[in-house]
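In structure tokens, the next block holds one chain alone, the form predicted alone.
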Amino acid sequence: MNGKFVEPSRAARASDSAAENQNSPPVTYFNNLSDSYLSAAASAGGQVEYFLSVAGYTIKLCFAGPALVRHITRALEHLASDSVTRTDLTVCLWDSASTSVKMLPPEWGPGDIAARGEIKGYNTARIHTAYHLGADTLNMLDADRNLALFWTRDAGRIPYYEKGAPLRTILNWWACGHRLQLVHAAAVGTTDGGVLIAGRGGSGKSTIALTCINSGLIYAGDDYVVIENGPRPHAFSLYSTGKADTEHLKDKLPAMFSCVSNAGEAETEKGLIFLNEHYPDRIAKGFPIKAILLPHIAGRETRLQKASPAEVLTALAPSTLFQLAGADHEVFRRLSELVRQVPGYIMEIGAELNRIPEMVSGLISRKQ
């Protein structure tokens, strides 16, 4: 654990924002919720600090006691960094079960929660708010202060998919404000460059990514990665996890099946693998994006064919937009820019899975 217990201190409130009145309901609720976190940290005997390096930025996680630490940081351990004095984002986290501090009573009703979790009236240029019903988590970000709050009812009841991609709502909001973008895609490659693997769930993203990790290729993500546009688009790792149907793993990738952390829940959950614990030397912090790959399970021989920018955008944009709270036209613009810069290919996945790493390596080294 990259952290220690320290006594919480009450930071001075930031000055009024020019964009939003300090007394507006979203800002007031955020400030009051911040006080709830401080009460939770005091109840737990102090806070645990954990530092991450993401895409060149430093993120500080402050936990009210130890209950949530392992559940949140296990997928992020490959990004752990030493304590620093200056951070680019601070996230304060607590659960009610271990601290006895409840979530601040909401000022909204069930009908105010949108499909992606956004809360009507509590998403502004400064304050972002989402409540995820299935995971039972409240997420808030004050963009002016680069300060976020995360609450859940019980650390012991966090769903497996949240453990595999923790804090993605908060990290997506924050990344968008720093010219970065979370995308629903996998990424594998070499230190010189790699491929994004885009497509809806079940399309074969995980099959390609997990097959490649057993080869000479390195792995930057299975479900979500961070991208940075520019003259040389770049993919950055966020989570060192892999998810796939356990029966598929058992049949096609038995070495991966032995690494599944939740094999006892195969009937209701996908297999979740914390790859950093099994393949630490194969986990990459990131690399330039040389191509975007669209998997298609075809049942024939494994082969590649060119894809148009429109085909790539159709595979990449919808799942990113539908899954991430707050994703909007700016996200679509960024993805459109990416697919215009980077060539796309369709990979028809046949029975010859052993050919996949060779084909991906050839694609990376190909002169575009």
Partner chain sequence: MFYQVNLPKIVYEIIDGQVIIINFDNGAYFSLDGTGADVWRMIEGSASAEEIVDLICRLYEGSRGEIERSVSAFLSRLGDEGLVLMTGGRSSGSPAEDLTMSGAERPLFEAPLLTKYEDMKDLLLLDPIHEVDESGWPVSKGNSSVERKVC
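The structure presented is a predicted model; accordingly, all values stated were derived computationally and were not measured. Numbering follows the first chain given and starts at 1.
The next section is about a form of this same protein that is not shown, the form predicted in complex with the partner chain.
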May I ask you to choose, among 151, 287, 174, 219, the residue with a heavy atom within 4.5 Å of the partner chain in the model of the complex? 151
Consider the chain as shown here, without its partner, and state which of 323, 302, 58, 39 has a heavy atom within 4.5 Å of the partner chain in the model of the complex. 323
Within 4.5 Å, heavy atoms only: does residue 319 come near the partner chain in the model of the complex? yes
Could you confirm whether residue 184 comes within 4.5 Å of the partner chain in the model of the complex, counting heavy atoms only? yes
At the 4.5 Å heavy atom threshold, is residue 269 in contact with the partner chain in the model of the complex? yes
Within a 4.5 Å heavy atom cut-off, is residue 108 in contact with the partner chain in the model of the complex? yes
Just one of 71-79, 227-235, 142-150, 194-202 has heavy atoms within 4.5 Å of the partner chain in the model of the complex; which? 194-202
In the model of the complex, which residues of 321-344 put a heavy atom within 4.5 Å of the partner chain? 321, 322, 323, 327, 328, 329, 332, 333, 336, 339, 340
